[in-house]
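Presented as structure tokens, the chain that follows is alone, the form predicted on its own.
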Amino acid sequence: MLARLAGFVKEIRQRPTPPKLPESALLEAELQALEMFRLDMAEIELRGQELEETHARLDAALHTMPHGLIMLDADLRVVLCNRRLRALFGFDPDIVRPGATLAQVITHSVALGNHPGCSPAEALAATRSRLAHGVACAFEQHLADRRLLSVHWEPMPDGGWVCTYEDITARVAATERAAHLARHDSITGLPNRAALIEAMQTAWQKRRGCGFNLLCLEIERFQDLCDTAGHATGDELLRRIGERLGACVRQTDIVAHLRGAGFAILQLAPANPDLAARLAKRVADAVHAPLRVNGRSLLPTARIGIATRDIDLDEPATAAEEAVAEVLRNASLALTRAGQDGAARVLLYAPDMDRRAQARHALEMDLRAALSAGQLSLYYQPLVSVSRHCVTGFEALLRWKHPERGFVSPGVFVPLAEELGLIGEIGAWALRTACTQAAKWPQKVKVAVNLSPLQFLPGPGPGLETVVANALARSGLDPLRLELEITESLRLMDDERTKSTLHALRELGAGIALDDFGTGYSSLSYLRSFPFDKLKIDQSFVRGLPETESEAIVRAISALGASLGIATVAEGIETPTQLATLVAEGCDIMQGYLFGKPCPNDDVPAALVSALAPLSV
């Protein structure tokens, strides 16, 4: 640089000098030239620094970018590659470096296992084949360790290539997971309603399987279980039920979890009610088997509705949505009908169910208005003590006299009231009415009122203890004359809140009786959980008397009650033979048509006398 500056100064001095140019002017010109040279050199130095900074930034960006990048020249030699590319493939930087050939890179990559099932020659041939087209391309590359790369190759004007590689394993897995969750239930992992409908519509459009056999089933009292045992136990029960259903079907069948405690099983096969019924039998047997969930012994039950439909080849594929909706609606109607009005718990859809569904809806509307319309009343059936030869009390039985239908069976409207959430209001009315009417009976005659398990659940109104206390206070009935009857149920005695409520009712002075004893899933555990005042032997055992098996059951229950100091009540007595057998087995308190049918409150005085007639025979 110094030599260049000296030469520049010498050149200036050797230029011809104008005749009259003073020495000072010449010196000034030399200084200006030197300043210009200094400025030029400073600019060159500044540009060099800027270029170095730019190169550093580009190098940092290249090696920190999330994508792997490799650049090849027109001869398919490496111009540059970043650290991310070496990390993705595990490349040795001493092998994959500027100047390396594509063949060297591919051979090294194959040796590392990045091209499963390919030899170096095959992998190289496949790569050259893509490059030979000279156009941009995009594809996915699977690595041996199950990672998935998204690859983009872009040609450069000079004939080279810029290739980028992105690891999309996590993104694809998340997308697949989201798609799975959109079509599967998060609790059971089974296909959901959307997936079931999609499978049915696809089968219709492709005419595959020739038809549908669809089972819809619902686990009974599931919400009661969740309310008492918690939703974690309910979720685990659903998972276990889903596993049981899966074990009942073929690989081509679809088991879906629809909502809550509802499931569906789809057979893609020609419509065949017998085939569907056999499957329903296997399903019912599997579901009803006992199991333990979170330390609780459960005996689940289910209702099953069946609908079948052939795929008519003359119907257009566009009719799939309507056809699928029809099958689902029919199976749902059969499910709703199953177990109602004495129907079987497994029911095949019949066309008249549409009419019945409309009638049920009308009944629901009428029941909502029945209480305020004064259509509900209480009838009383006597309970007779054989040893004391007297009527000890009456059981209050709910009756609904519809203005058009006449008397509606309690077996129809009581479950409906529970389903509609009306049982709390109706139950409170029954308690108030029974206490008020019984307060006018003879002082030693008690009244027994049935409680629905749903009345023990917390709600927006006053709790059961408050309802009972208010009924006693308003009527003036001695609490010792009130008996509250509860039935065995899956959810009742395992709940601490329920036990606390029962003890609170006992502290009010009311007696507690266990109704329908012997029919529940854990009768003995009930007796261990709460000290009942009475056991009511279910009428199904009384009805079978004097058969040996029924007699043995009655004898065992009577002995159990005697040993625990609990009175036993036999209900459903209709014949003197049944009465004699029960007396012989140690039962003392009797109830049934033999002593009197349920009667209105006005007939209670007459029933106090007539109920004793069978004891005089």
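Predicted model, so just to flag it, every value in this text is computed and none were measured. Just count from 1 along the sequence shown to find any residue number.
One more form of this protein, predicted together with a small molecule, exists but is not displayed; see below.
You can rule out all but one of 560-568, 65-73, 573-581, 544-552: in the model of the complex, only 573-581 has residues with a heavy atom within 4.5 Å of the small molecule.
Only one of the listed residues (485, 236, 465, 218) places a non-hydrogen atom within 4.5 angstroms of the small molecule in the model of the complex, and that residue is 485. The single contact residue among 224, 515, 253, 185, judged by any heavy atom lying within 4.5 Å of the small molecule in the model of the complex, is 515.
Although the partner is absent here, residue 399 is a contact residue: one of its heavy atoms lies within 4.5 angstroms of the small molecule in the model of the complex. At the 4.5 Å threshold, heavy atoms of residue 410 reach the small molecule in the model of the complex.
When the small molecule is considered in the model of the complex, residue 283 lies well away from it, no heavy atom lying within 4.5 Å. Heavy atoms of residue 501 never reach within 4.5 Å of the small molecule in the model of the complex, leaving it off the interface. Against the small molecule in the model of the complex, the set 424, 472 and 479 makes no contact: no member has a heavy atom within 4.5 Å.
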